[in-house]
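Below sits a lone chain in structure tokens, taken as the form predicted on its own.
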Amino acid sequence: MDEKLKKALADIVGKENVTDATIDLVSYSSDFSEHEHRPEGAIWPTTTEQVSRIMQLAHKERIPVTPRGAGTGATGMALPKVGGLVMDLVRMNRILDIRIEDRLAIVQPGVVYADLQRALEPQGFFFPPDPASGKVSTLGGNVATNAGGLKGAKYGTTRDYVLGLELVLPDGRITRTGSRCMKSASGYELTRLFVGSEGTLGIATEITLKINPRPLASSTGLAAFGKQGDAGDAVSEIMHSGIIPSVCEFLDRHIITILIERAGLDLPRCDAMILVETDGYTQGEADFQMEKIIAVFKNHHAQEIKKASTADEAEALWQGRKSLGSVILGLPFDCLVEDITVPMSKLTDLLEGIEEISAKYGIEIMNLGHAGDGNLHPHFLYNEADEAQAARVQKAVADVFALACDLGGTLTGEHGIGLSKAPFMGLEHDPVALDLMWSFKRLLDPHNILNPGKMGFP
């Protein structure tokens, strides 16, 4: 890093909060995706004023800045594609206020999702989006990606809970969007524009979140199906049956086989499995919903149905889904994880189409996901060292994206666009929409210094 720039940054945050040491820069060069880009320096601000002054300097000197949280992103969103600075926000990690009477929490971007949950739990509340990385991911990153998770079918994603933001714009100006009210019809809805913008339009330094009372009861069930299509059709019927499960997870035969053979789990061998949870404020309410779902499973030829009658039995049913991450990481293959969503009525079409793509390219594709909102995570297994196989995987991924969009779906339900999906934005968004997005970017960031190269932008 240029010494003059390094001194200017140190004057803002202190020498101890700026680095260009190789060991630090290497750690900021990757995330959970396959991409790697090394910054020229990294900086740790601790206040909104510091973030503002950093961006004023970057704007003046045309220095690219990439905001970063815990680095759990799966699309290269927090990687510095064109070098410059990584702005690590994890030290802005205070829960500023919890107002149960107003049903809101005010946090800094570096607060870890699970830490907020722990703070809310004694008061009988929770923050519902529940991303899979919630034990380590930060709320600033959740806002940047519009993160979702297991409970999305019933409770939605991060965007549904962000009431307001304090933001630093690319030129260093500070602004606030939204309010601390449960509803507002005042002006343009700027908050929703910034949620999911992947740090390309502004940096959130304070986040006001809506929180929910925690349900007091739940019921867990599992159904095994001989045909993947029956499972997909069952999900579609459940979601328009008048019952909205809090969790509705799908696992295909490849995933089930791995859990049986590598994790030693006692699961039925079948073509597909659905794991469901219902919740409510009485056990009767949760059980009533589960019985309705079980009736749907029976109508769609489920081979085996289990309903947990105790907390231990529920935990046993959950064991497979919860252990998947570590089991997949232990496979003797490279694994590329993707994230697509389709209308729930198209889930069976998506699963059948992915099977055809798998056969076409000779690539094993395992499927699991949040079936209750049509969000699927295809896992592509391959040998990265085999150039021909790696090339086939990229073609298979492109075909899966095209299939999802042809079915009226989207490139991403919760991981974001980042670098991985930038080349495919035209599959989902027409030229006018893409131009409109780029116009917003140019308006707020005329020098294109804030997280450049993401979302399909230059």
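Every value quoted in this text rests on a predicted model; they were computed, and no experiment measured them. Start at 1 with the first residue shown and count on from there.
Below, we turn to the form predicted together with another copy of the chain, even though it does not appear here.
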item: Segment assignment from 47-55, 25-33, 61-69, 425-433: heavy atom within 4.5 Å of another copy of the chain in the predicted complex; value: 425-433
item: Interface membership of G413, another copy of the chain in the predicted complex, 4.5 Å heavy atom rule; value: yes
item: Partner contact for L329 in the predicted complex: another copy of the chain, 4.5 angstroms, heavy atom; value: no
item: T310 within 4.5 Å of another copy of the chain in the predicted complex, heavy atoms; value: no
item: In the predicted complex, G149 touching another copy of the chain (heavy atom, 4.5 Å); value: yes
item: Every residue of M437, F440 and F457 near another copy of the chain in the predicted complex, heavy atom within 4.5 Å; value: yes
item: Residue among M344, L275, L324, V90 with a heavy atom within 4.5 Å of another copy of the chain in the predicted complex; value: M344
item: Contact residue in the predicted complex, chosen from G221, G134, G164, G196 - any heavy atom within 4.5 Å of another copy of the chain; value: G196
item: Another copy of the chain in the predicted complex - contacting residues of 353-375, heavy atom within 4.5 Å; value: H370, D373, N375
